[in-house]
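A single chain comes next, written as structure tokens; it is the form predicted alone.
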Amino acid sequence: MFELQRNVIFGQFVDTGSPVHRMDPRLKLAAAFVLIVASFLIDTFAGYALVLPLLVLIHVLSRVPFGYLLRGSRFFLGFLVFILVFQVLFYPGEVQPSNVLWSWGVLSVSTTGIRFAAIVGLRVLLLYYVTTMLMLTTSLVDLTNALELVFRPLQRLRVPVNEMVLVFVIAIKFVPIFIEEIERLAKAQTARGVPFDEGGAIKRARRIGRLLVPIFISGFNRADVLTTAMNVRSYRGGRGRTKLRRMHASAGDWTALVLIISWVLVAWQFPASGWL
């Protein structure tokens, strides 16, 4: 059975009522930003090993099933492994002959290339995990309000913050909608004798590619309906709008943010030598 919704979790929200869900969205954005910056600053295996317990602690506190996260990341992990294999085989940097493990023509496997690909893989995994957990533990309403409050100072420079945040949130919301539409069309085609879960990867990709036209037509129709609904309700961006929910950061939220920043700084400055 073709089940895409179970295998793609980007943009979905899982409400478990955990402490991570109840954390102030503004501080969650700040914590996510710190971890994203850390993914670019840390360049040692020892540093990422120190960050791992922090990620495990966040995941345990979020109460999001690890199996659900892993199952929904299979496509991403498979694509990442595919890219990293090419990175190892076509490593562009300089490699000493003593570090070469295998070579054939333009292809080669070296310890330098393996280390570089592993660091890149860890960096991408950290970026993916942070953004995915932010989506899983923050509703779109809270995320929208937090982004508007964080970027509100830009309004003094005549930057349309509310409109930009609205476009960003709608784009995220349309991801699971498109996934649901693909699954619905695929099941309809399967009922008519076109099996999407049989054959090789190329044959499956061709069958899914035939759904692009009706999916885009459906997406434009949904966007048109959304625009009509917003116009009927006299939506005019953030001008004159009031907030139903007020955000309040507790002492525990600030403590969690300080802990994350301190943890990341230790991992960044952690001394390491050699291959680590």
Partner chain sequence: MMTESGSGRRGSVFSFRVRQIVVAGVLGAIAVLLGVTRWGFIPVPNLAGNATIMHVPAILGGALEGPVVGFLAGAIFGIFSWIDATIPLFKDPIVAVVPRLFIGVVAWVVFALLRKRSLSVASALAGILGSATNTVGVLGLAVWRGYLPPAAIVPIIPQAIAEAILAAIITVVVVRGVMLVRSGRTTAPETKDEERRY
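Given the structure is predicted, the values throughout are model-derived calculations rather than measurements. Numbering follows the first chain given and starts at 1.
Keep in mind the form predicted in complex with the partner chain is missing from the figure; the text below concerns it.
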Interface membership of Phe216, the partner chain in the predicted complex, 4.5 Å heavy atom rule: yes
Contact test in the predicted complex: Leu149 vs the partner chain, heavy atoms, 4.5 Å: no
In the predicted complex, Phe66 touching the partner chain (heavy atom, 4.5 Å): no
Exercise: Ser250 in contact with the partner chain in the predicted complex, heavy atom 4.5 Å: no
Triplet Val141, Trp254 and Trp268 all within 4.5 Å of the partner chain in the predicted complex via a heavy atom: no
Contacting member of Leu41, Leu226, Leu61, Leu70, with respect to the partner chain in the predicted complex [4.5 Å, heavy atom]: Leu226
One residue of Gln189, Ser108, Gln87, Asn145 in contact with the partner chain, assessed in the predicted complex (non-hydrogen atom, 4.5 angstroms): Gln87
Sequence-ordered list of residues in 150-166 near the partner chain in the predicted complex, where near means a heavy atom within 4.5 Å: Leu157, Arg158, Pro160, Glu163, Met164, Leu166
